[in-house]
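This document starts with one chain, in the form predicted on its own, laid out as structure tokens.
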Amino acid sequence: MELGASGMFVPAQTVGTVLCCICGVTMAPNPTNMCVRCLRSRVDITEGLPRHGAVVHCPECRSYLHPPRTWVRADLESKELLVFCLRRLKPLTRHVRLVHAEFVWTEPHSKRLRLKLRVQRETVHGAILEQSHLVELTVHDQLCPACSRAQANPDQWSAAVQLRQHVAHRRTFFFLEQLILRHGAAIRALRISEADRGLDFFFGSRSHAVKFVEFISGVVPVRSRSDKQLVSHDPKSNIYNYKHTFSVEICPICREDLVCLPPKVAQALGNLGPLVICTKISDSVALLDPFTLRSAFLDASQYWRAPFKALLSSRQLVEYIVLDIEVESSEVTVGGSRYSLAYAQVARLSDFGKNDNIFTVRTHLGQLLNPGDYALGYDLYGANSGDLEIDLPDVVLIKKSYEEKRRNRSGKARPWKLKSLNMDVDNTSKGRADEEKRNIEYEEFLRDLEENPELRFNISLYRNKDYQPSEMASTAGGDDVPSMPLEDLLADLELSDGEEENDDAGSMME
């Protein structure tokens, strides 16, 4: 029972107050017996703290020098830059406790960084006082060593990565380009140039090249070797300057390729195939038997131990029309994709109406194909098997085709777009002749992205601001051509200077 309820007298509790010993204002008691205003007028806790400083900034790569030789990349008024500035003011924390820090907006061309800090410090008789403190840092422009070498001579590289794939198309490099952009793998490259059947990346440091090779090894099956050439030697200081070259070869097997596995490889994979389709390329090669739906994966070490080439590539695909389809089994998921075995009657689109050549084939696309649909496949009818000790089927269907429906939309812009690397392109007559071929292959790559959600999983897609949907396209209806979902698109922001600074401004609490 409480004391008040028992009838006992309980005195009311009041907060005691005292008068300030300086100005006589009523206040809560504290160890100094002075109000906050009088205490601040007599005690300055920011005395002795630095109010000015200097930082070194590289205008080319937007990096800041952290002595003695470390360069930190940070945008203007970003959280990374705030952390960098506080590290430069580290002696400040020896005398006071940092409570809050934020940027004070300045003009970008003023070459000034202003920080507003809130600090706490113990004053007389153990009283803790909090006060604001403004620090101004002067920005001095100076090129970092990498940008300095690039400005003096763009070809003054110390490490080069030669990326090659010995195939007749560039679809793999289009995919690699998007992965490199998404992960910023080539951000340290001094220059990127297009070469025959590949790309060349030039770096100012061997460590940057090694890191890039490790990234490529993690996304596609490759084999690499390195070499170095002596450039100069200082015998007095025992300093050697080398130019390093890394030769990286990508596996020549690509997605949708038809492969005939060598007997030893097929046996090692549990007697798979031997006629299989490559369904996916990552750090390993995904293979699928289209007649049994068995699958297997080949990593880089297994492939290069017994390398083989594709029997037919995607450039040799032929369009067929589906006359009839009979599903044999229910849908199964293999490697993240759904398949269903079926028997299909197909005819070459080029022969349709000209002859009676009809092929009955077994396919893994039973869940996609319907009578009247179009499909792309490899024409093996009458093919010379040569050294192959297997009976080849007449047709191997690879994927559903939307070419007939795409022709109605030809020439229209897409609502999305991709970014590309800034690379040197061959402007010779040979390079201009290959430009048309490159554009056709790039269009095929864009169609693959629309048709395959798994392929665009690690790719950044951006909204096309120039796209204007037409009323005819919106009212067409019944058009099942694969398209990009709007929720998968990123806004390609182009902020003004003021908006960018406000968006990146950060604060820090400790």
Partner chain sequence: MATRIQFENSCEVGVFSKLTNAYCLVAIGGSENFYSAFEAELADVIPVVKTSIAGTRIIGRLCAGNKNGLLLPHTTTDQELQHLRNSLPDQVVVQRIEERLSALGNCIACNDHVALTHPDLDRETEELIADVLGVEVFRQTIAGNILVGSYCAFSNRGGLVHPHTSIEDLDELSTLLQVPLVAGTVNRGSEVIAAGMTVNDWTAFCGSDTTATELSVVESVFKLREAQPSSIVDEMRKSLIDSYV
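Positions refer to the first chain, counted from 1. Between two forms, the rigid core is defined as the largest C-alpha subset superposing within 1.5 Å. This one's a predicted model, so the numbers in the text were calculated from it and none came from an experiment.
Just so you know, the form predicted in complex with its partner chain exists too; it's not on screen, but the next bit is about it.
*Give a yes or no for Val15: in the model of the complex, does one of its heavy atoms lie within 4.5 Å of a heavy atom belonging to its partner chain?*
Judged by the heavy-atom cut-off of 4.5 Å, Val15 is in contact with its partner chain in the model of the complex.
*asked:* Under a 4.5 Å heavy atom criterion, is Pro59 part of the interface with its partner chain in the model of the complex?
replied: Result no; Pro59 lies far from its partner chain in the model of the complex.
_Contact of Pro29 with its partner chain in the model of the complex (heavy atom, 4.5 Å)_ = Close contact exists here: in the model of the complex, Pro29 approaches its partner chain to within 4.5 Å, heavy atoms only.
_Just checking whether Ser41 would be counted as a contact of its partner chain in the model of the complex - the rule being heavy atoms within 4.5 angstroms._
Residue-level check for Ser41: no, no contact with its partner chain.
*its partner chain in the model of the complex: contacting segment from 49-57, 29-37, 438-446, 64-72, heavy atom within 4.5 Å*: Selected range: 29-37.
*Superpose on the rigid core, then tell me if the C-alpha of Arg42 is displaced by 2 angstroms or more between the shown form and the other one.*
Yes, the C-alpha position differs by at least 2 Å between the shown form and the other one.
*Core fit, then Leu449 C-alpha moves 2 Å or more between the shown form and the other one*: For Leu449, whose C-alpha is compared between the shown form and the other one after core superposition, the shift is less than 2 Å.
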